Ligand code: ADP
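A single chain comes next, written as structure tokens; it is the form predicted alone.
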């Protein structure tokens, strides 16, 4: 930021201490902050033909009043005014809420100008503004700003105008000339001016395109520079892998690897053999075979004389991994053992000794792996499953138990590519985007709550065939604020309905970990046939005999979570089913149900979920790792994000990036961001 742009906002004529205080609440502290406080949308007052207006679009029309306005009063001081207008031979209804005073404008035969949201299906406009006669505004595209405190939109516009008058000429250009020419971008000064003072032509679109690219480029520069520095500073221990042994191991697996699994294994083994420390994220949909990939990589590392650790979020998942890895690895003399909270006393001491001496080759466990007394002889590979379930510190502690071990994170949460390259920009990302052959597609149905009896009948049919069922509920017990079925009630209802014919288990987050394991074990062993649960079963349960997943109030869950839950069934050879019990009121809720019944592809779902919810909601705002962009939107501007990422990667790898004066502004930005100090960036 140059000196003038970093001046306090009080240097703008008319902005006193009190106003500056109000602006600080909007994160506006400097001249630059004020000049770059862009409108979050634009109101279009251009007169339009309803034939050319899309459903739910904002529109301004001129119409002739056809009926006396009717006013309906309800509640305390609430009212609704409705009137019929003839707009270019189309008869429509216009409704205003709590604006009874507008009645005087609506005299039969009179012309009025109305602005509001057009409902194409009902032929109505939900009015927001109204003027008598035909009114055509001089400025038909009006910027709308977010304001807080005592600041009004009108006064903010005045201060922005004043700041532009005083300092507009001092706005520095931060992109090299070659970039402006390559992408045909306006200068920064032109772009900022046009965003505040929009025009009907393409200039405003190009202004936005310029600022979107700039925001993404600076964000990706931080990511790519951090990645480059981190990689160059991370002392990796290159391993000599015996590729022939690895090939023999893969060909001896009980089933062939898919093309995607082979590609991912190749990427990981290349990292392990390289001079730098691997820092890779492996994404794979539920059931895509990430565990087999982990097994191949751990085998390769152990054959090279190192040890491996696999950390998972739950005890039961750790046990399942041990039972699936042992038959694959022990025939080759590779010792795999469990190290979790349930391993105690003499058995634990013996395992810790064998781990420290190097006799134990692979340790699988929960966060118990990061306890102080867990000492590895020579740890070469750390794999963390469902890595977002562990804190950064927990992952670091495990990594530090070896001399620069390679690190692999695995997740079954399909993260849209747009977010993966943003949030995990400092990591290499591998994706298993192919399912093993012969896996049956889970049939998904959407049922309303009044069809519950039919759903229960269907569950009974499956249980009588020897299968099992999950029933998922959003809350543990009754809540006055949310009218949703809760686990405790549903458990009681199902026990009563089946009258002792089948055993019904209950699982929720308030149970003690030991109780959770007992409930899960009973379900795994088919001692209980139905498991009523909150979403705690979302990760890490493998019960191949379960063929039915019923989700109550499914509209309360995001698509990614619904998909994770659905993935708990379909793990055996029998056909599996997912039934979504939902009566969604909103269009978004209905759309979620439709998407779930149409696709089983987690990556398609995650992209759609991102469109419906936005990036902050996808991870939870605090976890998203995404900055608050002023103009850019990672969902809608994903192509620009991809271009910016490629450009940023090329820039930081240029031989002259750290010397060439053309890139001085980029380097200054990176210095201010703390990249060169080795700080992890948000």
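Just so it is clear, the structure is predicted and the values come from calculations on it, not from any experiment. Positions refer to the first chain, counted from 1.
There is also a form predicted together with the ligand; it is not shown, and the following applies to it.
Peer 1: Does at least one non-hydrogen atom of residue 290 fall within 4.5 angstroms of the ligand in the predicted complex?
Peer 2: Yes, contact at 4.5 Å.
Peer 1: Determine whether any heavy atom of residue 571 comes within 4.5 Å of a heavy atom of the ligand in the predicted complex, and answer yes or no.
Peer 2: Answer yes; at least one heavy atom of residue 571 falls within 4.5 Å of the ligand in the predicted complex.
Peer 1: Classify residue 542 as contacting or not contacting the ligand in the predicted complex by the rule of any non-hydrogen atom within 4.5 angstroms, answering yes or no.
Peer 2: Taking the distances in the predicted complex, the answer for residue 542 is yes, it comes within 4.5 Å of the ligand.
Peer 1: Do residue 255 and the ligand come within 4.5 Å of each other in the predicted complex, heavy atoms counted?
Peer 2: Flag for residue 255 set to yes.
Peer 1: Have a look at 305, 168, 436, 149 for me and say which one sits with a heavy atom within 4.5 Å of the ligand in the predicted complex.
Peer 2: Looking at 305, 168, 436, 149 one by one, just 436 meets the 4.5 Å heavy-atom criterion.
Peer 1: Heavy atom within 4.5 Å of the ligand in the predicted complex: which of 102, 322, 368, 286 fits that? Just give me the one.
Peer 2: Checking each option against the ligand in the predicted complex, the one that comes within 4.5 Å is 286.
Peer 1: Choose from 255-263, 173-181, 90-98, 119-127 the stretch whose residues reach within 4.5 Å of the ligand in the predicted complex, heavy atoms counted.
Peer 2: In short, 255-263.
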